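Below sits a lone chain in structure tokens, taken as the form predicted alone.
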């Protein structure tokens, strides 16, 4: 690394979720010392994102964790659209992506299964100072570095200096607030109801794929098969009383409408909860030497499972670009700004439009026939099917994996 003041000391990564851990690991793997700060005492375990797309699995494979993650997840090789009566309107097989990715499938597994794998790899680099229970309370950018003030669980304050700070501290980012950047999200007209069941739905519903979209004038919802449970996700008009939606009898009635007959009656509801759907995009992903990634930089509709995957792509591309700056590459700062602007553009031009398109018109029964006809045409055309899944998997906008000589060269330059 170069010896100027901007390159001394570890980079601070704030947030030990999937995005922060991925960014920290990318940096450490290229020889950059990292201080990882997490306000929680341990890794988060609550149910959150659970979809990993082929483009993301390619990058996680480069980091050495994809195989272990797959062993804990459910491999999904097809996506299906059907109605309440069991008629399959269209089905796409992920095998059409063979040759475009090393992982021609989607993986369903809780993000909480990924974070311990990343943390173990980060420990193994020997270049990470990992601090749980460390809450950032202040950030002062001096032009050639950032002074971070943190408070531990006992109330003790520590001040550290870092050449750069990467904020991956979530949708309520404290660093975004400290930088004076906007943070108000725009809520969608709907919120989500997630019903969780341990009942094996694919044994009750003939031909049900582990990724199924039910599109019917009577009711529309998504069904996701996880390793040990299923999730049914419904969109509820904003303004509908949440307590009424979550009442056990109301949840039971909705499930029985979604899975008519014996199948609906056999479902055992393990949990039901709601969560908001909102969109947000920072006007820029940088405030001086503080950089933003993941939910700290953007939120999208959960449709298509794109937001976390995009955040992991942020972590990889930003981590690579920051490593180039710290090893003194001539175009380092310019390349870093270009990477940050590219990540923002991906959200604006690809992630948000594609996510919103998944659910557009669901509440307008008159539009369903034409939308379903379009899906059937896509499924019947191999080129159109491949293009649909290519874009649904973000393969056209994700960072490319570094393999072989390119990866070896990156690592060797970091240690010069």
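Numbering follows the first chain given and starts at 1. Since this is a predicted model, take the numbers as computed values, not measurements.
The form predicted together with a small molecule is left out here; the points below concern that form.
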Check: Taking heavy atoms and a 4.5 Å cut-off, does residue 174 contact the small molecule in the predicted complex?
Finding: yes
Notebook entry, point to check: Quick one: does residue 19 come within 4.5 Å of the small molecule in the predicted complex, counting heavy atoms only?
Noted result: yes
Margin query: Can you tell me whether residue 12 touches the small molecule? I mean in the predicted complex, with a 4.5 angstroms heavy atom cut-off.
Written below: no
Next item on the list: May I ask you to check whether residue 168 falls inside a 4.5 Å heavy atom distance of the small molecule in the predicted complex?
Entry: yes
Notebook entry, point to check: Can we say 49, 194 and 302 each have a non-hydrogen atom within 4.5 Å of the small molecule in the predicted complex?
Noted result: yes
Next item on the list: Taking 4.5 Å between heavy atoms as the contact cutoff, choose which of 111, 222, 80, 101 touches the small molecule in the predicted complex.
Entry: 111
Notebook entry, point to check: Which one of 134, 336, 272, 90 is close to the small molecule in the predicted complex, taking close to mean a heavy atom within 4.5 Å?
Noted result: 134
Margin query: Partner absent here, but in the predicted complex, which of 69-77, 308-316, 250-258, 205-213 has residues with a heavy atom within 4.5 Å of the small molecule?
Written below: 308-316
